[in-house]
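The structure tokens that follow cover one protein chain in two forms, given apart as structure 1 and structure 2.
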Structure 1
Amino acid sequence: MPSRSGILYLVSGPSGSGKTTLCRRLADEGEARYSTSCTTRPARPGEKDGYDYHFLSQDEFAEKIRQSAFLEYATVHGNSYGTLLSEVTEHLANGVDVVMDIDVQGAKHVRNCTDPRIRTALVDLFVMPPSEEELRSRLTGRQTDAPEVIALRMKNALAEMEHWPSYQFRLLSDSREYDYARFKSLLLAERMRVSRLIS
């Protein structure tokens, strides 16, 4: 029997904030399980079913919706994405922390979930770029996107940043190592919360 309940570490932030890097590193170090989403989009070269995504047909995805199997789901650019409730709750029940890299819309759905296992486990964090200028620099730094694409990403990022007050915690981004130290320390502190301990 686990000594504590697992934590659902929900992380949001605009493109360029570094949230995905933080989540992946936490999982790679074995500190938490990275939540693998379902999608109806085709697998890209090198992607593995069950690791990068659970690849489902439209019919399979629709059936999951009918079964109320998703913690959250949405349709983006014609493809459906969702997080299976069973995958998350199973790990939490075993005392395993789960980290989710999710947009503000998905985060709102998770916050509104009435499942007591989710509500008890949830810790949500918004990763905020230090400034609009730094965010623009990060988005243009890859030098792979056309100016109109960067402009759209900036517009979307600024709109997402308006949602940070909805979160329990905010991480104002600095250097990569400094960000990760604070990111990990929040999870470690939450593990010591008395309400999570199983007597």
Structure 2
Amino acid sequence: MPSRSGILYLVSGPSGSGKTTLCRRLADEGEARYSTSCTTRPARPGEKDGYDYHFLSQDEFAEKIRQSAFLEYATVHGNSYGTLLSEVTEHLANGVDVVMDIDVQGAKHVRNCTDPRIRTALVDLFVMPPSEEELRSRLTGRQTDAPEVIALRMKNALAEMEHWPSYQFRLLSDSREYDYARFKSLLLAERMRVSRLIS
């Protein structure tokens, strides 16, 4: 039996906030397992199936819904995204912390989840870009997306940013290192929470 069950570290924020980098680094350092989502969007250059995402067809995604395989799923920027239960529940039961990078709709589903194991495991954080100008320049600088995609992401980002008060924690992005220090500290602190150790 593990000494405590795992923490579900849920991270949201607009694209360009740096959240994926934070989540990946935490996983690369072995502090948490990254929950690889399913998506119907095409892979970007350099993205690997099974690592960045499980890239599925619309039919395959619909089949997963029918099988009740998802903890949550949502349509984001016109594509379907979903978190497989298999990426989360067993790891939590084994005392492994799981980090997930999902949008505000998915976060709402997870927050409203009735499963007590998910509810007690959940720590949710919203990563805010430092300013609208900085967000615009980060989205433009990525250069992997077409201008109309960037425009759509900017519009969605501004709408998404209104949701930060629904989260337990907010990280206002600063430098890469300072962001990561705060990001990791939250997980380390949550591990010491007495209710996690005695429940």
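Rigid core (definition): largest C-alpha set, two forms, superposition within 1.5 Å. Source: prediction; values computed, not measured. Numbers given to residues start at 1 and step along the sequence of structure 1.
Asker: Which one here is the form predicted together with guanosine-5'-monophosphate?
Answerer: Answer 2, the form predicted together with guanosine-5'-monophosphate.
Asker: Among Arg176, Ser35, Val110, Ala62, determine the one positioned at a hinge; one rigid segment of the chain turns relative to another between structures 1 and 2.
Answerer: That leaves Ser35 as the hinge residue.
Asker: Since the chain moves as two rigid parts, how big is the smaller part's turn between structures 1 and 2, in degrees?
Answerer: About the larger part, the smaller one turns by 20 degrees.
Asker: Once the rigid core is matched, what's the CA displacement of Tyr51 between structures 1 and 2 in angstrom?
Answerer: With the rigid core fitted, the alpha carbon of Tyr51 is displaced 3.5 Å between structures 1 and 2.
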